[in-house]
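Shown here is one chain on its own, the form predicted alone, set out as structure tokens.
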Amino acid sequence: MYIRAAAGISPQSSFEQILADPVPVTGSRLQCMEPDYAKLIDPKMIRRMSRIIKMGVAAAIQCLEEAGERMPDAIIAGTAYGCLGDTEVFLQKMVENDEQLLTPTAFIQSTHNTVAAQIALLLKCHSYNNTFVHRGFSFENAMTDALSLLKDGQMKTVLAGGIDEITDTSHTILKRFGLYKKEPFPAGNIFQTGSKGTIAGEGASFFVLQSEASGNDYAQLTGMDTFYKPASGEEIRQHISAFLERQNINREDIDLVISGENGDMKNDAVYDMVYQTVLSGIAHIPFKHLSGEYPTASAFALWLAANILKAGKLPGGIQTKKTPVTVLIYNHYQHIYHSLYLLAAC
């Protein structure tokens, strides 16, 4: 399928341009740089929206406007955390009010499908609307659903995206579990620590997907695949090799690999093994020092790859031997949920 348009809100200046000057990592949490929502959403509605809803709706509307599409045939979202902020508000009010006289607004907006529903309400779209809540495969399953609808000819234009947020409470809890770094690390570089833990992230990335080329597409998504809980490094290598074989592409034909290193030594050992074997000799860059780690971070990676192929250059002054034409994304979340995307320039 073809990526007709892409829009993302992330810890970087990604909403209006590709990353010209990436924001350096300074702590164990990256928060999104949010745009002026009043330019896209009715101010009266903004007051009733939580942060993650505003991020998702704004990214979706920006994406549709760029594609010149007023009404998609389907709206599909993927999220693992859902609307954490609203969930926390509702639970806190339950305790404070002794489970009495509770306002229903926070509860209604705490459900995982709120973002996709809000987009549909704003657009007055009564077509297919679905939200996948499958942890580290949430975005991948949303994309698989979109691909199926387009391949079957049921839909011509699908709006698909991945959204997740991090809050003060969730960050504190997950940090206790050892997911995030506790000790300081070199300014702007999470990959030189050799320690446990990563940095928390969040974001909202949406894509207008179509089954036919428009002549002004970002990129073509030629293939994608997922695999769950590989038992060994050899199984990972076999999955990647089999994926490339199914796509009828040689390793030498891949110009760039975008991968999910996140500064955690156990997490990054998987990528080191891959780069020493099945993907050896290929130029590669990480992306989670830009987005942080979260279950649907692969949506940001797809946004980044699509922009690289459209612009014909890498962000932040990174150079490669040749202009990327074919890009492979390899990401895993907690060494459980592994995903692969193959994109080609249009």
Partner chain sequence: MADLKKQIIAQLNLKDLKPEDIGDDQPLFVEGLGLDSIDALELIVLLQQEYKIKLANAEEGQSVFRSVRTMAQYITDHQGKSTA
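Residue numbers count along the first chain shown, from 1. Bear in mind the structure is a predicted one, so any value in this text is a computation, not a measurement.
Same protein, other form: the form predicted in complex with the partner chain, not shown, and the subject of what follows.
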Option from 42 to 50, 64 to 72, 278 to 286, 303 to 311 whose residues, in the model of the complex, bring a heavy atom within 4.5 Å of the partner chain: 42 to 50
Looking at L102, L123, L179, A117 here, can you tell me which has any non-hydrogen atom within 4.5 angstroms of the partner chain in the model of the complex? L102
If the cut-off is 4.5 angstroms on heavy atoms, which of these, A242, M265, I108, A213, is the one near the partner chain in the model of the complex? I108
The partner chain contact at N97 in the model of the complex, heavy atom, 4.5 Å: yes
